[in-house]
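Quick setup: one chain, the form predicted alone, written in structure tokens, and binding and motion questions come after.
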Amino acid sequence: MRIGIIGSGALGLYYGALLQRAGHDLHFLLRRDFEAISHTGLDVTSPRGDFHLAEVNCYRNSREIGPVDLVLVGLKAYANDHLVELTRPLVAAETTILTLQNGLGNEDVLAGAFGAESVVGGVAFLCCNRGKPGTVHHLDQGSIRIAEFTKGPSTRVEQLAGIFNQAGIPCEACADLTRIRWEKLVWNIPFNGLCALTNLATDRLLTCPETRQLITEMMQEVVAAANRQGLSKPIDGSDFIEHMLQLTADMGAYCPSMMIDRRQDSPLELDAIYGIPLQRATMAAMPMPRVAMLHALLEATEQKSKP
């Protein structure tokens, strides 16, 4: 399969590297890592085994990639103003576009430009970051859940899940994209925002009783709002929240992507992870006051950091 990666950060590099190692024809749109990877290849470190790709197809401009069978989008959601123009040169009549971006609204952007039938959405639970240019460090987790944007189960999603699984990427084909998006938000909303705001890793927040309670209450708000979104099956709040807390505790001192973005003075994905979910929760008459407060504090500190 010919695959183009739009947004070759930690997620795009890691999943793309596994797919290339499995024999697929990968093409990476790169910025920071272009020189390093084009000259010396890509290094992946992982508890599942380190490996090196000596030859990687690297591009500075997506027009140089041309049409592909699958576009894998790992672009930060704050850059969605450029998503369509970056993706368009890769899209032909039979191209599937799979976005693994955080938050809500990403599929809508792609569907508006390329048609809803072209779009598959997914969530990745991945602990991964970039090291020096040309190096990506996989720390833990890595599973993907994907679903059609417009309908329930499909042969296409099952086939994509098979391709990922064969490449060593645990992948589940699901029927309800809205549900899996909101389930990811149950984790993303408290941990990404609080870690970015406090500059404390997940373990510190969990071992402090006050912040652990705040995380739990935010998760409860997200679950309540999610269950007003017309899900095929409600999220079981208490069991799911306990699972998320235990999973996070097992990850140790993890620094979420938004915390790393703030340390690097990069923009935060505030609209996709907070703004749009808050709007949809309000429309469903299930406001999230603690989440709204966190969003306001992130917005205020984000504005302060801008020139």
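Note that residue numbering follows the sequence shown and begins at 1. Quantities reported herein were computed from a predicted structural model and do not represent experimental measurements.
FYI, the form predicted together with another copy of the chain isn't displayed, but the following is about it.
Proximity to another copy of the chain in the predicted bound form, defined as a heavy atom within 4.5 Å, holds among 127, 197, 231, 163 only for 197.
Note on the partner interface in the predicted bound form: the residue among 79, 113, 235, 208 having a heavy atom within 4.5 angstroms of another copy of the chain is 208. Of the candidate stretches 223 to 231, 143 to 151, 200 to 208, 101 to 109, only 200 to 208 has residues with heavy atoms within 4.5 Å of another copy of the chain in the predicted bound form.
Contact between residue 290 and another copy of the chain in the predicted bound form is found at the 4.5 Å heavy atom cutoff. Although the partner is absent here, residue 214 lies within 4.5 Å of another copy of the chain in the predicted bound form, judged by heavy atoms. Put simply, residue 297 is close to another copy of the chain in the predicted bound form: some heavy atom of it is within 4.5 Å. Of the residues in 115 to 150, none comes within 4.5 Å of another copy of the chain in the predicted bound form through any heavy atom.
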